[in-house]
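First, one chain by itself: the form predicted on its own, in structure tokens.
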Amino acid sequence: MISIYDILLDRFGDEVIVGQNAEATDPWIEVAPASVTEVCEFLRDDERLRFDHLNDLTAIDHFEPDPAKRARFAFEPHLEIVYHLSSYETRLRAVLKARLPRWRNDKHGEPPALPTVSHLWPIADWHERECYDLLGVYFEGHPNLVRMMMPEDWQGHPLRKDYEWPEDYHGIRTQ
């Protein structure tokens, strides 16, 4: 059986392919955020792999707003960007993750950044816009990174676990 992790580790090394969890229900490979585009392009173009389809791209906010509960967790709060890839030709599947700080340079309100993959798989255009809009992840190089779910003048990113909903929006009650 082909080991996607071993192929990536051999090609990029452990500074780019920073981990894996082969025991998870949905096994995944962790990639250094700055190298996401390079790794994805390799996965798409390598003859052994041919990942020609981006099934999904989403983000997960690993944050617990309650300080009492937060003390029980053994990790720093962060965002994970998750890519589900597949190949129609080779029938392979892969899950990639890139771990980002919740805020760039630890400045609240300044979104973390990751390179776009929208030029590799056109469907990423929509997925990246949704992550930007709802979770505040900035995709560098994206051709049209604008809100698609929330109004243009909406403040903040409503799927972040510490998001505080405004009482009203243009005179319309939101809660």
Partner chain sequence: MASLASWRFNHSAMHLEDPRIIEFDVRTDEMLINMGPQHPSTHGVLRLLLRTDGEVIHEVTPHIGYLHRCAEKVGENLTPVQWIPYSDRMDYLAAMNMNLGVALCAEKLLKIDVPEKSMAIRVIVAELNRVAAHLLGMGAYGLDLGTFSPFMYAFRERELILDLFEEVCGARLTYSYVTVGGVTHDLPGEVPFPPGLANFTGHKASERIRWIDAVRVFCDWMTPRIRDYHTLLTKNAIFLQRTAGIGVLSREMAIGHGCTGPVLRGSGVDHDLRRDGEPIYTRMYEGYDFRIPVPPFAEASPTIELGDCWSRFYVRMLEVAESIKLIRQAIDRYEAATDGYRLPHRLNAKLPKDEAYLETECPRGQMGFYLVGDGSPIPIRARAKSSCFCNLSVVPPLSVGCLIADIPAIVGSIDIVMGEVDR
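Numbering follows the first chain given and starts at 1. Note that the structure is a prediction, hence the values are computed from the model and not measured.
Only in words, not in the display: the form predicted in complex with the partner chain, which the text now covers.
Put simply, residue 39 is far from the partner chain in the predicted complex: not one heavy atom of it is within 4.5 Å. Not displayed here, the partner chain is kept clear of residue 11 by more than 4.5 Å at the level of heavy atoms in the predicted complex. Within 4.5 Å of some heavy atom of the partner chain in the predicted complex lies at least one heavy atom of residue 122. The partner chain is not shown here, and in the predicted complex it never comes within 4.5 Å of any heavy atom of residue 106. Checking 145, 49, 135, 32 for any heavy atom within 4.5 Å of the partner chain in the predicted complex turns up a single hit: 135. Contacts of stretch 51-65 with the partner chain in the predicted complex, defined by any heavy atom lying within 4.5 Å, are made by 52, 53, 55, 56, 57, 58, 59, 60, 62, listed in sequence order.
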